[in-house]
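There is one chain below, alone, in structure tokens, taken in the form predicted alone.
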Amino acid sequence: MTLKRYVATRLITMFGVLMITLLITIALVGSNMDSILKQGVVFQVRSEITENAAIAKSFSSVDEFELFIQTQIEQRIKTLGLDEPWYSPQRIGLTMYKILFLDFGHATFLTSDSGSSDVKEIILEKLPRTILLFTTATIIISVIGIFLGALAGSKAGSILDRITSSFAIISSSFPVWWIGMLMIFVFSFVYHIFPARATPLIPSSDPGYIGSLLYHMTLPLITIVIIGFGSWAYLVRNFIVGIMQEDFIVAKKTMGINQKKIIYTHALKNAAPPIVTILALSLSGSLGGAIITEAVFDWPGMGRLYFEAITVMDLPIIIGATYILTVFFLISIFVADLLYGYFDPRVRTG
């Protein structure tokens, strides 16, 4: 299979997965979403009419005024196509078309920091903060984990190997919320080094907001790295232990090649496919943030947005965030497949 055909096949497959995900999401929330949209139309029409005092004064009775409002509501519902059932092909097709082009509508309850209820604006406001925190943490975790795991795997049974394995088990056993609260207690209340809340108190329009955001994210960043790099090191260590027993590695040792070059050049290159896959999945997962972590540190990212949207059942935000994160996940899988094919040509030709 040629590279172009391989890429085209993967793109078609992932587009199909995206469409199926959208269809399932719409089917799960369709009836509730339909009710919310119609309630939004009612609220919008009533607000527009009642704010115009001249229209209200033109009616002689309350019944006539209510009849006019109801007529306007019905016309607006028909114009938007909401008179059709949510499961009709026309409605589903239109909804999927809008979502594909990032038209998620307006949030029911939540707003952005600037007061906008546009779902796209809300998500685009939260997403960079999540990328900043969790992607930075994932990169640091992977770098430390790869080098430490490779070193531990090359010295299986050594003190370093036992410490790495033990730390991986211990760090993975503690819940992130408990470590987070412990870090807040020690570094915020005992030593007053970092703030307890990761949300800056100054508005995002302030020139010093970025610096304040970086300072506030230091404590959650340290916490995520401490919890995560042990598991990464343990995974890489297991890959390297197996590779170091291969014949070509033994041959390179007998040739007198430097130990570090064998580990970080030859062994790691052969362990690259699974490592790249794990890294891609970790990066895509980090874009969704972590609901518990962001809730504990009060970090204004996608995880907390999800938590707030689920709490108040703000379906437009839930659908919009799910779509965005699905797209990022599929892109990361696509990149991982390409890199996997690069490191192992058998994937392309198989």
Partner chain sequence: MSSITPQEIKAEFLKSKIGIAGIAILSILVFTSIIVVVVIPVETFKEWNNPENWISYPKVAIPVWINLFLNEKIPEHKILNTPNINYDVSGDTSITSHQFGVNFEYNDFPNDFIYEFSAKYSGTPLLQMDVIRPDGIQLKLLSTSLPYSDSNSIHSERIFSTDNSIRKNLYLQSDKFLFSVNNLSTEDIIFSKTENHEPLKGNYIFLIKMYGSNSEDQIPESRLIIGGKAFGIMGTDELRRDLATGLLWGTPLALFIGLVVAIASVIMGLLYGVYAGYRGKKTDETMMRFNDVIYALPALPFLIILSVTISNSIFVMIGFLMIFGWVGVAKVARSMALQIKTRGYVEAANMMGQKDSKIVLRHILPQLLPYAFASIAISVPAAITTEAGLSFLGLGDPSFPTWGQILHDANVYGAAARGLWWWIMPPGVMIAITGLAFVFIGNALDAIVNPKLKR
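On a predicted model such as this, the values are computed, not experimentally measured, just so you know. Throughout, rigid core stands for the largest set of C-alpha atoms superposing within 1.5 Å between the two forms. Numbering follows the first chain given and starts at 1.
Form predicted together with the partner chain: not shown, discussed below.
None of D103, E74, E246, E84 but one reaches within 4.5 angstroms of the partner chain in the model of the complex through a heavy atom, and that residue is E246.
Of the residues N238, S116, N270, T135, just one reaches the partner chain in the model of the complex with a heavy atom at 4.5 Å or closer; this is N238.
For the candidate spot formed by S58, L67 and F109, no residue has a non-hydrogen atom within 4.5 angstroms of the partner chain in the model of the complex. The stretch from 89 to 97, 212 to 220, 120 to 128, 168 to 176 that comes within 4.5 Å of the partner chain in the model of the complex, counting heavy atoms only, is 168 to 176. Contact check for L37: every heavy atom lies farther than 4.5 Å from the partner chain in the model of the complex.
Residue contact check for V143: none of its heavy atoms lie within 4.5 Å of the partner chain in the model of the complex.
Contact check for L182: a heavy atom falls within 4.5 Å of the partner chain in the model of the complex. The partner chain is not drawn, but in the model of the complex it has no heavy atom within 4.5 Å of I257.
Contact annotation for 123 to 162: a single residue, A156, has a non-hydrogen atom within 4.5 angstroms of the partner chain in the model of the complex. Positional change of R162 between the shown form and the other one stays under 2 Å at the C-alpha, relative to the superposed core.
Put the two forms on the same core and the Cα of K98 is off by less than 2 Å between the shown form and the other one.
Core-superposed comparison between the shown form and the other one: the Cα of P175 travels 2 Å or more.
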